[in-house]
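Here we start with a single chain on its own, the form predicted alone, put down as structure tokens.
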Amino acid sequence: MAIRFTKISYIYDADMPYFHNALKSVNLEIAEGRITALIGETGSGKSTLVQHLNALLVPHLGRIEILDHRIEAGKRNKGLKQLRRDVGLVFQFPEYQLFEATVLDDAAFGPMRFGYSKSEAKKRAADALISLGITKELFDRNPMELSGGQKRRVAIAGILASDPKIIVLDEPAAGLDPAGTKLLEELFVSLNRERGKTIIVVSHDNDMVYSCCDDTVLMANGSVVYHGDTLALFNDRTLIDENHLLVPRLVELKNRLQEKGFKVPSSVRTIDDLAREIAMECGS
């Protein structure tokens, strides 16, 4: 098991009269080598939970085991530099991570901090940027001059360049056009299937979650209300209605086709797969 949360609680402004109990005795295990989504309404605790993964936040109660690392409430936790090398976190707002003078220098900052030579760090940064559609013509630009979607991809590249074992992305598709979102989905799958990376994605984009995430954690009011197979979640009408989830468009289309008599396997999760199934049925 890559990650285990045991009775994790976290309170914002704990000593103030307007405190907010963001996480409430959360127990959760996230499997290694899979793509896992965290979903739920705004304020459900998703972003707070993932900020515990590299000790940006430390729990008020409970403990977290991440690979060979352990973080416990009330204790002085050691080895945080190695933890942050093993767990790369991309923030929801890319401006929080962009501060160097050029795009290439920004993406190379992480690997240089973790001990790579300047030349090797820049090579890793260039490879990561290109994999995300950032062309060489942009390498010498100030990252703050880029579009919102480009800034997000540069921030992600800076994490990929350090080659972490676990990659955590908070709302990675925000600000991206459909083509950029598709590129991101393909990258997640490639990093997971071909390089064995554990991917954790916080998202409100249920279309993306349905398309590429193996497992989904559904949160509400600081607690986990579902953890399991993504396809099973979006086929559970009760859970969908109780938690006000938007149904992925592909699921809506499958449901309508089934109402018309088409036999659509529940395992279908992309529009290309759905088109093949319909073509096979119509040709039979």
Partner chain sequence: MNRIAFGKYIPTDSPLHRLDPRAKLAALVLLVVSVFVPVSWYCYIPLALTAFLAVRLSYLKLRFVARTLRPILFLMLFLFVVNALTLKRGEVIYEIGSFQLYSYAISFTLRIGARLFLMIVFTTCLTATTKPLDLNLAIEYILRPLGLLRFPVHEVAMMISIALRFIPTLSMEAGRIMNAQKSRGVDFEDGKLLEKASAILSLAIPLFTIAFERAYELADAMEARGYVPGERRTRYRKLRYCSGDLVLVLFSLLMLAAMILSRVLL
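Only a predicted model underlies this, so the values are computations on that prediction, with no experimental measurement involved. Residue numbers count along the first chain shown, from 1.
FYI, the form predicted together with its partner chain isn't displayed, but the following is about it.
Which of these residues, Thr102, Ser190, Ser147, Gln92, gets a heavy atom within 4.5 Å of its partner chain in the predicted complex? Spelling it out, the residue with a heavy atom inside the cut-off is Gln92.
Can you pick the one in Thr198, Ser211, Ser203, Gln97 that has a heavy atom within 4.5 Å of its partner chain in the predicted complex? Looking at Thr198, Ser211, Ser203, Gln97 one by one, just Gln97 meets the 4.5 Å heavy-atom criterion.
Just one of 67 to 75, 175 to 183, 111 to 119, 126 to 134 has residues with a heavy atom within 4.5 Å of its partner chain in the predicted complex, so point it out. This holds for exactly one stretch, 111 to 119.
Wondering, does Ser44 line up within 4.5 Å of its partner chain in the predicted complex on heavy atoms? Output for Ser44 is no: heavy atoms all beyond 4.5 Å of its partner chain.
Exercise: Asp13 in contact with its partner chain in the predicted complex, heavy atom 4.5 Å: Yes, contact at 4.5 Å.
Looking at the partner-bound form in the predicted complex, is Leu56 within 4.5 Å of its partner chain by any heavy atom? Judged by the heavy-atom cut-off of 4.5 Å, Leu56 is in contact with its partner chain in the predicted complex.
Would Thr36 count as a contact of its partner chain in the predicted complex, using a 4.5 angstroms cut-off between non-hydrogen atoms? Heavy-atom contact with its partner chain at 4.5 Å: absent for Thr36.
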